[in-house]
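Encoded as structure tokens, the following chain is the form predicted on its own, with no partner shown.
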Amino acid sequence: MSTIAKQISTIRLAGVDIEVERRGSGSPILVLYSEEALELESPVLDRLAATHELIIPSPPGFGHSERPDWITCPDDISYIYLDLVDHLGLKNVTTIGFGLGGWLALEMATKVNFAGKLVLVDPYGVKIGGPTDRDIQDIWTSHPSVVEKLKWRDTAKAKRDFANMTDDQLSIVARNVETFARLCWEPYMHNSKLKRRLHRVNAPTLFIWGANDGIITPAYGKAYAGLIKGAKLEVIDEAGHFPHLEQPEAFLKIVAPFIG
């Protein structure tokens, strides 16, 4: 059980109520969690919160954040997150984005130089191959057992104790899944314009990938990193789409010296 205090508030941005959690103390890190929000209960965040203040917003439609009809894609969310950065007075803030959160971080970084450093963990967001190439595996029409094996090196770690969750927790899980599908179904898991904007990313950028990610492979990660000047890619063995959850020590060993 974590002993690090958490403060949760609601901030109204662009007419949308956004839930924001603050955890720990020290120099700030903006944490943009993944589509499943598994990071929120992970030891990785508590380890980071021991030396940093983590600022963790929930995107529109995730957690308890509102989702107005005009928000239809991750690019729309990026503007709200930039409003949050301005509202909180964050300057050159270290930003860690996981999965969908990494995609959002890059959408933000192509617009404004808000980040001091970017850590991007198995992010979606771009189309690497041609029209008939499947860069990103289909997670919504494939059988859940197939998706589980594609996401996790150790599928035992994929199990969630739904039976002991409260009704509120279960509704959030369902809401997160629904919103992810609504925002990322078409075009499938990418913004066709983002690839042509990545030259604008100026922050030192580190991609981290799970060697066994079957949803978006390390080859996709290598190509993605190649679109950003000076970006580096680190691959973690014995890990799938969530290397920070399957191999937290290896993940922190890479991240700590990079963020300082």
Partner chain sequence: MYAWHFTEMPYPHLPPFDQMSTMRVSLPNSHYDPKIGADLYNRYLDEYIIASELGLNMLVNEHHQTATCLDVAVPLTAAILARQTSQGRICILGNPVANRNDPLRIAEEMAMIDNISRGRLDVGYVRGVPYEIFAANTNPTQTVEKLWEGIDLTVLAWTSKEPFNFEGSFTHRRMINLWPRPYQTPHPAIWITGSSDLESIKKAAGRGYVFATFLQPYDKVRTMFDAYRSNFHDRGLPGGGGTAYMPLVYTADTEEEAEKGAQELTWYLAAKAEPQYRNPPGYVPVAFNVEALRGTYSGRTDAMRAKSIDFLKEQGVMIYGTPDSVAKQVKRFYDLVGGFDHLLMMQQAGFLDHARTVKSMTLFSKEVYPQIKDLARTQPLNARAAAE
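Positions refer to the first chain, counted from 1. These figures come from a predicted structure and were not determined experimentally.
What comes next is about the form predicted together with the partner chain, which is not displayed.
- Using a 4.5 Å cutoff between non-hydrogen atoms, Val173 counts as a contact of the partner chain in the predicted bound form.
- Among residues of the shown chain, Val177 is one whose heavy atoms approach the partner chain to within 4.5 Å in the predicted bound form.
- A residue is said to contact a partner when one of its heavy atoms sits within 4.5 Å of a partner heavy atom; Thr141 meets this definition for the partner chain in the predicted bound form.
- The closest heavy atom approach of Arg182 to the partner chain in the predicted bound form falls within 4.5 Å.
- Partner contacts here mean any heavy atom within 4.5 Å of the partner chain in the predicted bound form, and among 129 to 137, 142 to 150, 81 to 89, 108 to 116 they occur only in 142 to 150.
- Contact annotation for 153 to 173: residues with any non-hydrogen atom within 4.5 angstroms of the partner chain in the predicted bound form are Phe162, Ala163, Met165, Thr166, Asp167, Leu170, Ser171, Val173, listed in sequence order.
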